[in-house]
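Presented below, as structure tokens, is a lone chain in the form predicted alone.
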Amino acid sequence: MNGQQRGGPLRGVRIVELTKVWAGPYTGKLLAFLGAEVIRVESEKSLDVTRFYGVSDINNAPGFKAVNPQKLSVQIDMKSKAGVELILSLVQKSDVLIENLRPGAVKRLGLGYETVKNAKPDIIYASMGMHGNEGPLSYQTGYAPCFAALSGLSSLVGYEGQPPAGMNVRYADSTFGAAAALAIVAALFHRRHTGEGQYVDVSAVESMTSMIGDSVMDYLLNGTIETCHGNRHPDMAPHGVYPCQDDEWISIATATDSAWCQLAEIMGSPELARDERFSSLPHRKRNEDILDRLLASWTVRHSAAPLANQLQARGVAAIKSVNSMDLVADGHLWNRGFYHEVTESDGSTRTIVGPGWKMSRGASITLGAPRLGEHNAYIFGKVLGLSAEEQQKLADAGISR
């Protein structure tokens, strides 16, 4: 159970997680992958929706398992005075607290930053909200589609000349969660050098807006309102997804004139590289509709995977568009350790998506998501030092259920 045994840059760091749904738990997941000991505070009275959505077994919910591997679970009723005192005791033995509850909820519970800071002066307290905790909109709450829409990102997702199609529902949560994790790591680095904790206020909308900083600055400086442009790229042409045989698709992008020349040769039409309409990037951008039609009429006669391999061999960026099964079967991802085998509490094993980084001294990732309250004895006994009798009293009073 000791986080030190797992290694990683955050070995020895203990994190208390008061989070729900996806973005907050995703933050804890990334920090657990870096070696931190992440403790989820849960209770039967206030279950995370991902524990029961679409399933009858709260310990076997795919959504919960996807975002909570390598974590510990302790049951504490945080709506009770005794439960709040337990959490504050746990904070005193921890380094970070993460919360993404509804605006004002932690203060009403008695777990606001000032209270927690009094219990642990050098605590790093990360609060995650749709608009952060300051300003006229800080009272609002929302989910990933709201984050993406209010940030401006969703207005750019769609095909040219058509209304915005909206963003993938999970992208905003994972991006917001990653931003919070990065901020926490920075705060830990700061504390290591100064001894100071800090309050980290993370806004989902601001996090998402940072993903389209170029579009925002173009508007602020030039008044330009960017619109949907499908798969096109301002500095590449061609840059798109094209049909292939058997209802497959291929992504092709050329960033240089030389790459375009190679593509034209593979197409069996080297003269296209000399065609005035396509001889340089500005010309290709002006004639992109024609260029895309030419490519589509060529790719549709080929199978996607072999064609991608042929293009890659000649230095042209290309890849078959893949589905979930393709990703799971991808040998490159397996060889690079992208997938990890973890052990569930019942002894079974399953495959999970691991971290998006490689480290020479990374943390081991061996555990699946926890059962509700699976680590009560460890947290109450070893971490908080409560006797068996004291733990039984908590259970009898409903504080640890």
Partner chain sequence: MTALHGIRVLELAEGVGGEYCGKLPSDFGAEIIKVERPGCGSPTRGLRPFANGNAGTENSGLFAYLNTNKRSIELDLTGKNGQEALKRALQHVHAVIDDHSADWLAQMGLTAEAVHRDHPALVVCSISNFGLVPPEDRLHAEDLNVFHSSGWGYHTPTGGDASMPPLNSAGRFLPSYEAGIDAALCVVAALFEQTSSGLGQFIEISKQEVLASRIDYVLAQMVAGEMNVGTHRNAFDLTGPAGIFPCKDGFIYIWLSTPAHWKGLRKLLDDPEWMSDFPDNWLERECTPERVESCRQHIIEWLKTQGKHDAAEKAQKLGVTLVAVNNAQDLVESPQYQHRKFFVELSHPVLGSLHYPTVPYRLSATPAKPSKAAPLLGQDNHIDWQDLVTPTRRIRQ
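Positions refer to the first chain, counted from 1. Just so you know, these numbers come straight off a predicted model, no measurement behind them. Throughout, rigid core stands for the largest set of C-alpha atoms superposing within 1.5 Å between the two forms.
What follows is about the form predicted together with its partner chain, which we do not show.
Residue in contact with its partner chain in the predicted complex (any heavy atom within 4.5 Å), chosen from A187, V116, L291, L263: A187. Between its partner chain and the residues D330, E85, D257, E271, the one pair within 4.5 Å by heavy atoms in the predicted complex involves D330.
Taking the partner from elsewhere, L18 is found to have every heavy atom lying beyond 4.5 Å of its partner chain in the predicted complex.
Heavy atoms of H283 never reach within 4.5 Å of its partner chain in the predicted complex, leaving it off the interface. Contact check for W298: every heavy atom lies farther than 4.5 Å from its partner chain in the predicted complex.
At a distance threshold of 4.5 angstroms between non-hydrogen atoms, Q92 is out of contact with its partner chain in the predicted complex.
Stretch-level contact analysis of 104-112, 263-271, 77-85, 126-134 against its partner chain in the predicted complex, using heavy atoms and a 4.5 Å limit, identifies 126-134.
Applying a 4.5 Å heavy atom cutoff to its partner chain in the predicted complex picks out Y143, P145, C146, A149, L150, S151, G152, L153, S154, S155, L156, V157, G158 from 143-158, in order along the sequence.
After superposition on the rigid core, the Cα atom of G223 is displaced by 2 Å or more between the shown form and the other one.
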